[in-house]
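Next up: just one chain, as structure tokens, the form predicted alone.
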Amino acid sequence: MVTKELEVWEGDTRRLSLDYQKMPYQHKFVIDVPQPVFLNALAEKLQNYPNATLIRGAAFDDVIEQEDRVVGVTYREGGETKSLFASAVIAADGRYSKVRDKAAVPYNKTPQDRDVIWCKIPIPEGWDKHKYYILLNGAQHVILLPSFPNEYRTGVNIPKGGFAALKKQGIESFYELVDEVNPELGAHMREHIDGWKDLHLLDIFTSKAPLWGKDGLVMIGDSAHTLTPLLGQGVNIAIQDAMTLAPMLAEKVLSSQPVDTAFIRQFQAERQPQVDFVTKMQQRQEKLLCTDSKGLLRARRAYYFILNRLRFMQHHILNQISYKRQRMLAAGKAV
């Protein structure tokens, strides 16, 4: 699903519009690709490499270590435990990374002030399927992300740890949360969300590993630096991690050099500035989105008012979160 604009609304007032169409690049949009479609595309591409092997239907079990160096993994396939040895193991298994935990890589976890209830709903008639929406009402908000084929991935915030209490009140309590933000969307939810089975809880936290791995193991994406699910930035940053790592890793392995902590620090130094920028931006937004303080609500409106009028600030933000690769291409740099 192609998305061309981000809008923030508070009631009937549009507080912010970020227009991707005004960016000076060839591709003036972002795309939400469902995970199965993306993974199948990667699998199809992999067929062009005769030395590559894709194992499907297998489950990671543990890392294999020799003298505190990761040299492979064990995995389960068809009820059997098997071993696979490698020059480098990549942990790309998300915020609850089992690879990270089995390898005992230290990290710091920070809970956020909210959790999110996720669901998918058809895009309501008359709503723009090419726009992200953030809908606000005080500390309550709903995030709408256009997704293939014609749906919104929808996030409704609730207080941290408040899911069990909400369920006890019945499904009507969920509808009422959405009503508070947008009654039209609340009515649409009643048509398409039948009960709690259609809803999924996401525990919101951030985490950061001081070092993105250890000898023989490199972590990318949420396993190394968990972001909040604000506008899908976690997967965006993870893909950029992978695109940066791939040529660096190929050069290292093909020259028979060890994938050690020095290499991990080099890779991390390349990616850390963008990760830090997005993390700080998200933390600022988390604070503003979840506030019911009158002072912070005024600050939120002032922030959106200023950002809505300063094009260079909008371009700076979009360059970091959506256009890093195209910006490098435009500058004639290798990617």
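Only a predicted model underlies this, so the values are computations on that prediction, with no experimental measurement involved. Heads up: residue numbers just count along the shown sequence, starting at 1.
Beyond what is shown, the protein has a form predicted together with a small molecule; the following relates to that form.
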(message) I have A58, K98 and G234 flagged as a candidate spot, so tell me whether each of them has a non-hydrogen atom within 4.5 Å of the small molecule in the model of the complex.
(response) yes
(message) Give me the residue from I220, M189, V156, L166 that has a heavy atom within 4.5 Å of the small molecule in the model of the complex.
(response) I220
(request) With the small molecule left out of view, choose which of L135, V178, V71, L145 has a non-hydrogen atom within 4.5 angstroms of it in the model of the complex. (result) L145
(request) Just one of 87-95, 122-130, 260-268, 169-177 has residues with a heavy atom within 4.5 Å of the small molecule in the model of the complex, so point it out. (result) 87-95
(request) Tell me, yes or no, whether S293 is in contact with the small molecule in the model of the complex, where a contact means a heavy atom of each within 4.5 Å. (result) no
(request) Considering only heavy atoms, tell me if Q35 and the small molecule come within 4.5 Å of each other in the model of the complex. (result) yes
(message) I'd like to know whether A238 contacts the small molecule in the model of the complex, with contact meaning heavy atoms within 4.5 angstroms.
(response) yes
(message) I'd like to know whether L249 contacts the small molecule in the model of the complex, with contact meaning heavy atoms within 4.5 angstroms.
(response) no
